[in-house]
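Shown next as structure tokens: one chain only, the form predicted alone.
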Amino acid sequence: MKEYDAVVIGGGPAGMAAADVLGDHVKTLILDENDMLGGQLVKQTHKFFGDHVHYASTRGFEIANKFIDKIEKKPVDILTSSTVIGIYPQNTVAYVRNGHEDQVKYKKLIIATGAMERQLPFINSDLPGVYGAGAVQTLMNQYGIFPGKRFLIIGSGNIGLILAYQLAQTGVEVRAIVEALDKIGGYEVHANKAKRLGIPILLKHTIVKAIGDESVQGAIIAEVDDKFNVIAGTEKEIVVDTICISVGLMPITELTEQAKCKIAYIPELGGYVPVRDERMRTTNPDVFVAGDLSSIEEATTAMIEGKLAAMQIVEDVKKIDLEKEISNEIKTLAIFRSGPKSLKIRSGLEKMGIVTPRIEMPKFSPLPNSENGKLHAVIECTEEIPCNSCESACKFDAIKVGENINTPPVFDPLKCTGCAVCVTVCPGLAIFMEKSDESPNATLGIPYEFLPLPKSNEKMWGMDRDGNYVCDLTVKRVVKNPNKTYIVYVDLPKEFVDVVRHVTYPRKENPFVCRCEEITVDQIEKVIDSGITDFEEIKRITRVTMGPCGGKNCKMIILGIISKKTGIPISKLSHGTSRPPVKVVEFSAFLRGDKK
């Protein structure tokens, strides 16, 4: 049986960061059940927050590739497609690879198995078409498979918000994001990216039922009260074919339990978690943890925890003094966790006896307004989240964040040269370029991550922060960037320069004629163009007027479309046959006697 100084279970951001450090000092093995290292990173196409030491402004799958390149150059044994099935006495790890069980021994062990998605009980939740958000990301971003065309997302944490944006990038329809709380769970900048695309976020709502026989064909959602109880009478139906559940993660603790590590229920950290110290050592002195297994956080803190655990192992095994480096990592973790978004994590860690020092946020003085007529950045990032990408990218000291990277950026337009590098690095797409002078039109630079790319002189629509049409505009130029965040510069009326925040190609408006059955003008016109002009025939084919209103809202509109397409006056058209009941009633109203 092979023996290693250190074995790492899990090849996600925490495990790879640990292996990167361990490979320089001790004999190391990393095990992962997937066919490549990277964990959740390999399916993340968005740019990450944080600082540049920890790959801020780099897309998740690119971070995975960078780690893999580094680890493969070191004397680290890598076993992918290897499923760890248990931890046994005498520091033994058992795993299955290529259909065969094998075992290795360790002096020190890092368990970085991550977390799994929480489930949500609702009627018909077992229908095909109900997915975890991570599963949809895997299908879509790793394998290019789209499970549906119309999506409903349950949960407004970062995963749900990011998924909504990624789905919209592919061209499918996201009907809504539903959140039971009275506020958005994820970062505001992620929510803003979704809202600019016209994706509604419905707060204080939940899913009641998935509709369908053999697969999802719709969903019933409803409002909830302060105790998360459904408010009767608020139910409404949404036509979707895919429901994505994104209501949080919970750590996977089985292996730490088998390794005789103490487990505690700390809801602020995600549920049941292994008890450990600030250096990631569990109650078993030979076992360390890192990443989402230790607390549900961001990939950046997972990387820091992985490094921290690895440094402590190097100290233990090789007796190398790394106290200075370890102290620096602990301080870095404290900085990342010092913002209001990490309040739950801090309180959860205190239950383990780990106190995170409070790091004050600097206060910057107000800065002067921009010079008139000068191209300059506009920063719409006011939330205290851990990121300093814009400050790091600006070579002209026009943006200040300070030591505490949770501090919202402060911008000095007088120092801005208009280079727009900050626009392309911002993970939240929260920076724009603007130029306005005495002329009636202005220039706006908008971050853009969709295909096809607009071309110079193309006419497009300007959309506001909620995805509503504002005005027509003209593309002046498109600046490409290697990280795939492009800038579309547009010419638009000056009064809309602070309103427009997204551009889209003009699309033919296709409004609903029959809202009950969701039948559009296009659908009616196609039936008429096929040669069917009789109202009753159109009704049978499309189901118009068969909804709760009985045609009261749509009959005249449909007759108007027929008249326009055929040239026959409405007075000469048959308007169909009226059938009882003329109003919606329950079937029980027709029961007789004692029949039930």
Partner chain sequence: MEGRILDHPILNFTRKKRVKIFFEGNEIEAYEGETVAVALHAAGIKVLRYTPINGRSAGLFCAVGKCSSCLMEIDGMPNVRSCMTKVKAGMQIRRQHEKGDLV
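Residue numbers count along the first chain shown, from 1. What you see is a predicted model; the values in this text were computed from it and never measured.
There is also a form predicted in complex with the partner chain; it is not shown, and the following applies to it.
Worksheet item: Does the partner chain get within 4.5 angstroms of any non-hydrogen atom of E449 in the model of the complex?
Response: Within the cut-off, so yes.
Discussion item. Can you tell me if T533 lies within 4.5 angstroms of the partner chain in the model of the complex, counting non-hydrogen atoms only?
Written reply: Contact with the partner chain, no.
Practice prompt. Answer for D225 alone: is it within 4.5 Å of the partner chain in the model of the complex, judged on heavy atom distances?
Written response: Answer no; every heavy atom of D225 is more than 4.5 Å from the partner chain in the model of the complex.
Worksheet item: D241: heavy atom within 4.5 Å of the partner chain in the model of the complex?
Response: D241 belongs to the contact set for the partner chain.
Worksheet item: in the model of the complex, does each residue in the set E380, V423 and S456 place a non-hydrogen atom within 4.5 angstroms of the partner chain?
Response: So, no: the whole triplet misses the partner chain.
Worksheet item: Of these, P285, P506, P128, P340, which has a heavy atom no more than 4.5 Å from the partner chain in the model of the complex?
Response: Of the listed residues, the single hit is P128.
Fill in: Option touching the partner chain, based on a heavy atom within 4.5 Å in the model of the complex, out of N468, S439, S327, T170
Among N468, S439, S327, T170, a heavy atom within 4.5 Å of the partner chain in the model of the complex occurs only for T170.
Discussion item. Among the candidate stretches 394-402, 487-495, 135-143, 340-348, which one is within 4.5 Å of the partner chain in the model of the complex when only heavy atoms are counted?
Written reply: Answer to the contact question: 135-143.
Discussion item. For the stretch 95-114, I need every residue with any heavy atom inside 4.5 Å of the partner chain in the model of the complex, listed N to C.
Written reply: Heavy-atom contacts to the partner chain in the model of the complex: only T113.
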